[in-house]
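Here's a solo chain for you in structure tokens, the form predicted alone.
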């Protein structure tokens, strides 16, 4: 399904960029440029040709591995991806670690202590986290740790050290952790009510063994598959966080390209992110068979 999905993504993205008012020419030549200069720029970029001609011409280059050059800065799209993707990957990796550790730990604790004050507190916090936009939590983190306490940088990557990724990783990771905590709690509660858990307890096994060896192992089947997909979501959905914290990653560059109608850049970034997402979706399908052999048999 990779090929038809990629064709669909490219066609939808190209169509939207084609029908949205405005184009890159206004930004390239300026608003006060002469009409002759404007017309020459349109012809040079091939924007005077019909939609289908522009689309098939672009896709022909893509099949040869050529993502083109930016209309705005004339840089190779492939080189921009190589330069900016490591920043996005670092942010995603740190956020993912925070999301997994916090989300699974909090979810298990909430399930084990069901209907207690701890469970009520966790559910309240996760509900608040789900309802809080990333933009608000980002500004809150910047104010607390950057403006008030002044202990962490709030913009850019500096020398590339981890301290520049702490705040954006916390924002992105905790935002994902609240969803993971709710999923973990529901999966654990479903498993804990099973007969084999009651049997394990009746045998005199300690509660830790029952929870971590028997219950959690079976509850991890849907959680593990969700982990793979969440990494793909974080990797392709960090644009807002990157923009707020001034990180020169792929997400913030995609937003820049969209606003400037930089068609080759938008297409290249979207196609690259679509490949990543579809790949992680494939890994999820494979993980089902690895985690549960019965699925492979069926």
Partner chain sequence: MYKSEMIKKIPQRQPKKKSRSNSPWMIALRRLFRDKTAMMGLYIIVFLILISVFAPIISPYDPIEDFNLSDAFQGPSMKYWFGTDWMGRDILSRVLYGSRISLTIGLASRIVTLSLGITLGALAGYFRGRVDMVIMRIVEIMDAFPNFLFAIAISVAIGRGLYTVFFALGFVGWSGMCRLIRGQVMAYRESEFVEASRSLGASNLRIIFKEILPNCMAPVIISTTMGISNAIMAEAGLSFLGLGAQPPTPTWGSMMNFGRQYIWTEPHMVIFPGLAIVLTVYGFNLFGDGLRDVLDPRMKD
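Residue numbers count along the first chain shown, from 1. It should be emphasised that the depicted structure is a prediction, and the values quoted were computed from it without experimental measurement.
We do not show the form predicted together with its partner chain, though everything after this point is about it.
Visitor: Tell me which stretch of 48-56, 35-43, 235-243, 61-69 has a heavy atom within 4.5 angstroms of its partner chain in the predicted complex.
Guide: Among the listed stretches, the partner-contacting one is 235-243.
Visitor: Even though its partner chain is not shown here, does residue 193 get within 4.5 Å of it in the predicted complex, heavy atoms only?
Guide: Residue 193 belongs to the contact set for its partner chain.
Visitor: Is residue 263 close enough to touch its partner chain in the predicted complex, meaning at least one heavy atom pair within 4.5 Å?
Guide: No, no contact at 4.5 Å.
Visitor: Hey, in the predicted complex, is residue 224 touching its partner chain, heavy atoms inside 4.5 Å?
Guide: No, residue 224 stays farther than 4.5 Å from its partner chain in the predicted complex.
Visitor: With the cut-off set at 4.5 Å between non-hydrogen atoms, does residue 182 touch its partner chain in the predicted complex?
Guide: Yes.
Visitor: Taking 13, 19 and 133 together, does each of them reach its partner chain in the predicted complex with some heavy atom inside 4.5 Å?
Guide: So, yes: the whole triplet contacts its partner chain.
Visitor: Find the only residue in 139, 209, 228, 101 having a heavy atom within 4.5 Å of its partner chain in the predicted complex.
Guide: Going through each option in turn, the one that passes is 139.
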